[in-house]
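Have a look below at one chain only, the form predicted on its own, in structure tokens format.
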Amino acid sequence: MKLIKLSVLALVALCASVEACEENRSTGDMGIIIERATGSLLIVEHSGNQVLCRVDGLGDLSHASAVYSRDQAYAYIFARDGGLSKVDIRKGKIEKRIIQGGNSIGGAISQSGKYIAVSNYEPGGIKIFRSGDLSLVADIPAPIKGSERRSKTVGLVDIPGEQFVYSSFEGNDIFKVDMSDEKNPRITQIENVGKQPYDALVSDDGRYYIAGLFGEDGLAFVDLWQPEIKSKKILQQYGKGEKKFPVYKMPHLEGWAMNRENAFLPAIGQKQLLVLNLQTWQEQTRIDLKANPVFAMAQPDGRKIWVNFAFPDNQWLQVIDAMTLEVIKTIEAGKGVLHMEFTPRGDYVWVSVRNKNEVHIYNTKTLEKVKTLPAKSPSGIFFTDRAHKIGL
């Protein structure tokens, strides 16, 4: 009972302390925390590890994600209810909000920062907007062969050259859209990549796009630098002959980690992390974990990999040494560990702990917790350095 009272008091104190942001401050050390249950977000800064203000009225944030303008002044929030919001993080207010679809699942911003693309479950396909005023530029369907319906789209990322890449869940295809000429978007369709691609990542140089397959074993792998873009299967043995498990990964955030040598993929349902060699794209080894992994995230230097887990074991974090490929620390943070975000140079990692209404901040060198911030049912954490990274 005392713990509940303390948590409520902390939230009351937080509400009293976040009345207004500083309009003239710089934004390089700022970010946001999604408060999924209340349709709000916290604007934070990581130099002092503190909350600056709260913004309300952002709709259904149950699977929300965000991208930033090039100047890091605006966050674009993609809500599950189809809402697209442009938030001025200096002023701490919504500049514009539109409902662009019935059910959306993430988005991306183009290399120039001119275009915002949104991935939709309903009505399917993607929509592209001007980042300045959120006016519609293109409504691009994702066709399903032999049907008039649009497919759900997932795994939407940006790549260099004013381009976006995304997967068609029911259509079993991957698409690349070039917005160099906004009046005539060029669409490249990569057909029959595998059954039901459901989540994806792109390498940090924009070359490799990899989609997980919900409907079959293996992954779809696309080299976007090739003159003729094709898909091939990798890890075709993954899950072969074994019991099928439900997919716990939330598609608003790529759940796989990469450093210069390896890719680290959560083996859903198998309590393991798959380690792929990036030269051969073949499985190198597996790392045994405490529970069923959801996300694996590499620190900016690539030296350590942090992993969180699916319900009912979602109170744990495990840290892996990328050289020895061994678990070096197991942390019990509290129920509902949903997301991790590293500060730009990787000195700290912020961790949302939904059921405790807290965000924990860990020193990545000592692996010890250094601060706790109260937040209302926190999930995604997004710092402004994402503005200058591909595929986030």
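In this text, all values refer to a predicted model and were calculated from it rather than measured experimentally. Numbers follow the displayed sequence, beginning with 1.
Not on display, but discussed next: the form predicted together with a further copy of the same chain.
Proximity to a further copy of the same chain in the predicted complex, single hit among P123, G161, G215, G132 (heavy atom within 4.5 Å): So the residue touching a further copy of the same chain in the predicted complex, by this definition, is G161.
In the predicted complex, the residue from Q282, Q189, Q236, S180 that sits within 4.5 Å of a further copy of the same chain by heavy atoms: None of the other options qualify; the answer is S180.
Segment assignment from 223-231, 166-174, 78-86, 268-276: heavy atom within 4.5 Å of a further copy of the same chain in the predicted complex: Every other range fails; the passing one is 223-231.
Partner proximity in the predicted complex: N355 to a further copy of the same chain, non-hydrogen atom cutoff 4.5 Å: N355 lies outside the contact set for a further copy of the same chain.
Contact flag, P344 vs a further copy of the same chain in the predicted complex, heavy atom cut 4.5 Å: P344: contacts a further copy of the same chain in the predicted complex.
Partner proximity in the predicted complex: G102 to a further copy of the same chain, non-hydrogen atom cutoff 4.5 Å: No, G102 sits far enough from a further copy of the same chain in the predicted complex that none of its heavy atoms falls within 4.5 Å.
4.5 angstroms heavy atom contact with a further copy of the same chain in the predicted complex for F295: The answer is no: F295 has no heavy atom within 4.5 Å of a further copy of the same chain.
Any residue of 23-54 that, in the predicted complex, places a heavy atom within 4.5 Å of a further copy of the same chain: The stretch touches the partner through E23, N24, R25, S26, T27, G28, D29, H46, S47.
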